[in-house]
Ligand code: 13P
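As a starting point, one isolated chain is supplied in structure tokens, in the form predicted alone.
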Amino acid sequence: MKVLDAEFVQGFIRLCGDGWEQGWHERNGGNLSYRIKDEEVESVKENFVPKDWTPIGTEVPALASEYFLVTGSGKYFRNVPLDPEANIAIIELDDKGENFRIVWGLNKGGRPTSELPSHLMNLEVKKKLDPKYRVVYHCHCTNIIALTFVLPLTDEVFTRELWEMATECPVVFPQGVGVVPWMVPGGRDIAVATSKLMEKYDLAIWAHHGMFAAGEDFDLTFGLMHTAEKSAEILVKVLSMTDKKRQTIQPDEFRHLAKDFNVDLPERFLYEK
């Protein structure tokens, strides 16, 4: 099978296009990664032409010898559906999880996303917690970024505010959201900080930058990002009208919601205001 005919590649391309249509990927902003299933690798492996090994910049031993589909550094999400082979790549990790090599894609030159250490460290954390997790998605969602300038940069405040803005939010992300204070992107430090949050959450906000989402497949991951950003948009509109909500969802109401929808909501997010 040709790589571009594979279902997982088409799903990857679709998410890139959907993210661009949302306005979350100005210029070369954002990145996406997918941990490829063994049977998917076998279905397209005949197309692979391995290149030289390159250090990842971190170590992810739990992902050793696995394959990943990733966006390219400096590549535009808007161009992924137009010319996938020039803008995305399949990479292989070595048997220690310290180096990678491109085996398909980026046929006009380039390397995987500069956020590769963050993606791989997050995927390693999620794999250890639940092997079903395969997608990590980073975008520059406008309203989430705007809120990082006006809300306290704490997990508790961001979770509670997003939950209050849309009833589905505590059902879609009952664990809450984590927040990383501003750090220089692309390096090991921010990757470590994000991966620690991913031990507890499926969403991690990078202050003044964007957000990371992790999920089992492309639909769930995009839907998670979309839901959180929609909630943030509502909050931005509310704050533009008033500095105090007249009414909102109360802690006991969240508890009733949790019972009816069979989700566990951490009590630390249900504080009295």
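Since this is a predicted model, take the numbers as computed values, not measurements. Residue indices: 1-based, along the sequence shown.
Keep in mind that the form predicted together with the ligand is missing from the display, and what follows is about it.
Although the partner is absent from the chain shown here, 74, 114 and 140 each have a heavy atom within 4.5 Å of the ligand in the model of the complex. Among heavy atoms of residue 58, none comes within 4.5 Å of the ligand in the model of the complex. In the model of the complex, none of the heavy atoms of residue 226 sits within 4.5 Å of a heavy atom of the ligand.
Although the partner is absent here, residue 30 sits close enough that one of its heavy atoms falls within 4.5 Å of the ligand in the model of the complex. Contact annotation: residue 209 falls within 4.5 Å of the ligand in the model of the complex, judged by heavy atom distances. Only one of 172-180, 149-157, 132-140, 99-107 lies within 4.5 Å of the ligand in the model of the complex by heavy atoms, and it is 132-140. Contact residues in stretch 47-63 (any heavy atom within 4.5 Å of the ligand, taken in the model of the complex) are absent; none meets the cut-off.
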